[in-house]
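The chain below stands alone and is given as structure tokens, in the form predicted on its own.
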């Protein structure tokens, strides 16, 4: 049975074009992907991403439990800060990529992908110790993302908390909104300045309406899944099932900077070895120099030989050309190198470029 978020009625009222996304009925767009993309880059965009999963890990064993599960140095976190990491398998592949928010020394808030929630919970519970409690709060939580250059000004109007305008990237706090506890984090998945708001489902509709009302003077737009993907692609953010998977390690995905822990974490043997000696594959970013729109699973060919496959691709509204990422044989391509990408059976000239395509400077 398809699932709906607490904002389903709002999406219908805004004439969102609804699609089935991993078992959730969500808007792919309201007006057009390009309009919503550009609004987020230049003004502000509002996203319903309540389909994602939220898990609380708490107890005296929470810290040691997470140290065992992730390849990233957990001690870099302090209460009120967050970081990106992943749950790894013994082979170095990824169960899921996650965001970890440190609430206190004995409590962490984990955000996971919607499609992988059940697998993530099974993985966590399989490796939990007796001193760790794992609580799935996904069904009762709505997640609303406010992203774009005007997001800070809009948020301050809605929340009325001075901390909203002063916190740094990857910081978060809890505040009262209409008498209910809400978590506000300066994070996001668009490559733009912005915030992620976590509230009980009952508060989702009033918060959504208040933000759209406060943002009207700034040109805010509700944004669907289509622009969410083009925004993350321009930022070259990894997506589970594309750049990361059970068989693609963080090092291969160009996320070697996540592999920093000195603990005995799951997958350490493979990941530490790949960092020291190199991985068999590498992720590249590319631009198409010919006509066509790249998608995932397009063959990468150099000198007539297949050397890899694209993991994501699409048309960039900002750069107005086809862009994408591909997993290729290590050492086969470098920045500036040319190759052919096979798009709908046609080889199209493409060039390797530096990651990311679009970088937020702030």
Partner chain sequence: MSNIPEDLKYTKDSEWIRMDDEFNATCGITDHAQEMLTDIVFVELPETGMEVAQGEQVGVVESVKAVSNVYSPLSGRIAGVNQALENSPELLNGDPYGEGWIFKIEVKSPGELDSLMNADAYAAHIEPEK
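Numbering follows the first chain given and starts at 1. None of these values were measured; they are calculated from a predicted model.
If you look for the form predicted in complex with its partner chain, you will not find it shown, but the lines that follow are about it.
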Three-residue site 33, 291 and 344 fully in contact with its partner chain in the predicted bound form at 4.5 Å by heavy atom = yes
Counting only non-hydrogen atoms, the one stretch of 350-358, 6-14, 334-342, 21-29 within 4.5 angstroms of its partner chain in the predicted bound form is 21-29
- Task: Report yes if any heavy atom of residue 302 sits within 4.5 Å of a heavy atom of its partner chain in the predicted bound form; otherwise report no.
- Result: no
Contact between residue 43 and its partner chain in the predicted bound form at 4.5 Å, heavy atoms?
no
| Distance check, residue 230 to its partner chain in the predicted bound form, heavy atom within 4.5 Å | yes
- Using the partner position in the predicted bound form, report whether residue 295 sits within 4.5 Å of its partner chain, counting heavy atoms only. yes
